[in-house]
Ligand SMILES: Cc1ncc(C[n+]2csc(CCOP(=O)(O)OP(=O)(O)O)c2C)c(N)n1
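Okay, here we've got a single chain as structure tokens, the form predicted alone, with questions on binding and movement later.
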Amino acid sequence: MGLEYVRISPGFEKYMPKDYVDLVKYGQFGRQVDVQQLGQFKELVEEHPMCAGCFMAYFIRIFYAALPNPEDTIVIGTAGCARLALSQAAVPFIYGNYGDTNAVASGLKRALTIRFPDKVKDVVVIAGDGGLIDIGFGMTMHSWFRREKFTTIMVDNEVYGNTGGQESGMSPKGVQLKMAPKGKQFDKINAVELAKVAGCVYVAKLAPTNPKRIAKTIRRAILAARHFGPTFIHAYTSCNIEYSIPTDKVLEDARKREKQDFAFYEWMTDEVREYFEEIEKQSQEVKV
């Protein structure tokens, strides 16, 4: 993709679907939007078949609004809840086999760098805890060890929600689930520390309670990946079905988990920190 492919050729506008015309006219292609303006512009994802009250769907909505260059971004996902919304968005989406998202992203990013040496093409993996830290663990680790320049976002609902409620490596110790009636026997995997040790240059952990902070974190992860190496975001996105969280309590649950074990955490290398200080200083000077 690219802006030249997004724009409608003169004279063809009346033949295009209205949703697409609105997306080009009032969407975020070619411009930055603020997540606080949600509802005031045509969004990249508006409809999806995810469960009512799903906090993962909310996070994905913020994710698309936060993309620095959606017209030059490719998203990769896999089997699981997230892909139900990811595949509905107006951004190219690749459906990887279960567990191989980071291997696909590694090859794609390298190919795009060769094909478009003078353009920035962002690659972002969004997958669940099962796809990235259980079944996809080896490929996730190797993409980080190899310093591949793309962002990995784990939407952690702490369960295999799409297949009935089996425990995952990210389920909390002791939790009982529909298909794990005896309770989980070992601790939740510390994905953040694994990412740091494996070579990620920017790592963040959050509960999606603050849209502006989510957007800033996503943008930082993508910008750092362009220049320095792999980046990782661990986001808590509850499964209100498997954990029996009433729809009107999902935000309350997220705030509770934020206090309990998902307090906002951000870590970066020194060179990434210097990079952000410089570009954010330039941004402030432009505003003045």
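Just so it is clear, the structure is predicted and the values come from calculations on it, not from any experiment. One rule holds for the numbers: they count along the sequence shown, beginning at 1.
The protein also exists as the form predicted in complex with the ligand; that form is not presented, and the subsequent description refers to it.
Counting only non-hydrogen atoms, which stretch in 193-201, 212-220, 121-129, 180-188 is within 4.5 Å of the ligand in the predicted complex?
-> In short, 121-129.
Closest heavy atom of F137 to the ligand in the predicted complex, within 4.5 Å or not?
-> No, F137 is distant from the partner.
Is C81 close to the ligand in the predicted complex, meaning a heavy atom pair under 4.5 Å apart or at it?
-> Looking in the predicted complex, residue contacts with the ligand include C81, since a heavy atom lies within 4.5 Å.
Does S171 make contact with the ligand in the predicted complex, using a 4.5 Å heavy atom cut-off?
-> No, S171 stays farther than 4.5 Å from the ligand in the predicted complex.
Distance check, T152 to the ligand in the predicted complex, heavy atom within 4.5 Å | Answer no; every heavy atom of T152 is more than 4.5 Å from the ligand in the predicted complex.
Among M56, A66, I233, A225, which has at least one heavy atom within 4.5 Å of the ligand in the predicted complex?
-> The residue in contact is M56.
Pick from F116, F93, F145, Y98: which residue has any heavy atom within 4.5 angstroms of the ligand in the predicted complex?
-> None of the others qualify; the residue that does is Y98.
Out of 9-48, which residues reach within 4.5 Å of the ligand in the predicted complex, heavy atoms considered?
-> Counting only heavy atoms within 4.5 Å of the ligand in the predicted complex, no residue of 9-48 makes contact.
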